[in-house]
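As structure tokens, one chain now follows by itself in the form predicted on its own.
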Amino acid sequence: MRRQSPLLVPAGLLLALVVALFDPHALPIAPALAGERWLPARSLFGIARFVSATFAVAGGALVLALPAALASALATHLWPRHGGVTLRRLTLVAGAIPSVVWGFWGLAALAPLLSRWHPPGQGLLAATIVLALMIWPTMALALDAALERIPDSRRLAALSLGMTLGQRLRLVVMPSLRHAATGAALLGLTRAMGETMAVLMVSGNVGDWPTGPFASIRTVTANLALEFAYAQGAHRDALLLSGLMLIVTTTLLFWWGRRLVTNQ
């Protein structure tokens, strides 16, 4: 009997979600989403600032989290057995922390610390740091799985040639992680782009351009969470279209990242 793909069920659920969000009557509003100003009372539904803020905070989190994830995955395999197991378990625990907990930590501890340099502390930098901590476990575990798939024959050949640890990392391990690192980065990016609660709590929620690390921003997901409850008519249609656009974008990135990780 042919084995059913484990992706069929989530793919079906995703398709159902896209169908539920798609509204043909909202299509005339689609060109307006490319605008800069979001003023629903004046029928202005430009989300360019929100999209820019989304990519800025997600990209910044990726820059911070990828080196940490790579170091964590390598340490898991280089440490003695019990140390590596402990680190892997701590990574799993970190990945299970709810986003609202990270957001509360950012609001209660990180934002006041950053406010010493630039009040009020809530903005792009705070959201970037919180998101980096949130996506690090996902990326570290993906890289850890890729390290597990390196054939033992390569490791033994490197040892038999008398390679040092640095040479083994440079000539054996890192080339094997090239595609996996790209895939893990894409997985982390999609995770960061789809986050709502933690970013909403620490980003400042002002619809400005991300002009600096302390700028108050609002992402696409935060805008959905803040305004969907009372939106009506064209306002609601614009929010649905922005959510649909985000779902399609993150799905394509996730699919690409998963292929790179699994087909290493």
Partner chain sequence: MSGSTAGVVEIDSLSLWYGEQPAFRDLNLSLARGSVTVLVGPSGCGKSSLLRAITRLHEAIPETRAEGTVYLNGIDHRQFAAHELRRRVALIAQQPDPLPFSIRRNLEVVLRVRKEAKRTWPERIRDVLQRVRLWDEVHDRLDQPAEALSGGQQQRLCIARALLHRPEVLLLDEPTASLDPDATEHIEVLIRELAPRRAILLVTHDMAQARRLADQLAFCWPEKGCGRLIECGPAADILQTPQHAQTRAWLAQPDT
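By rigid core we mean the largest C-alpha set that fits within 1.5 Å across both forms. Positions refer to the first chain, counted from 1. What you see is a predicted model, and the numbers here were worked out from it, not measured in a lab.
The protein also exists as the form predicted in complex with its partner chain; that form is not presented, and the subsequent description refers to it.
In the predicted bound form, residue 119 stays away from its partner chain, with no heavy atom inside 4.5 Å. The closest non-hydrogen atom of residue 154 lies within 4.5 Å of its partner chain in the predicted bound form. Contacts between 149-168 and its partner chain, taken as any heavy atom within 4.5 Å in the predicted bound form, involve 153, 154, 156, 157, 159, 160, 161, 162, 163, 164, 167.
After superposing the rigid core, the C-alpha of residue 178 moves by less than 2 Å between the shown form and the other one.
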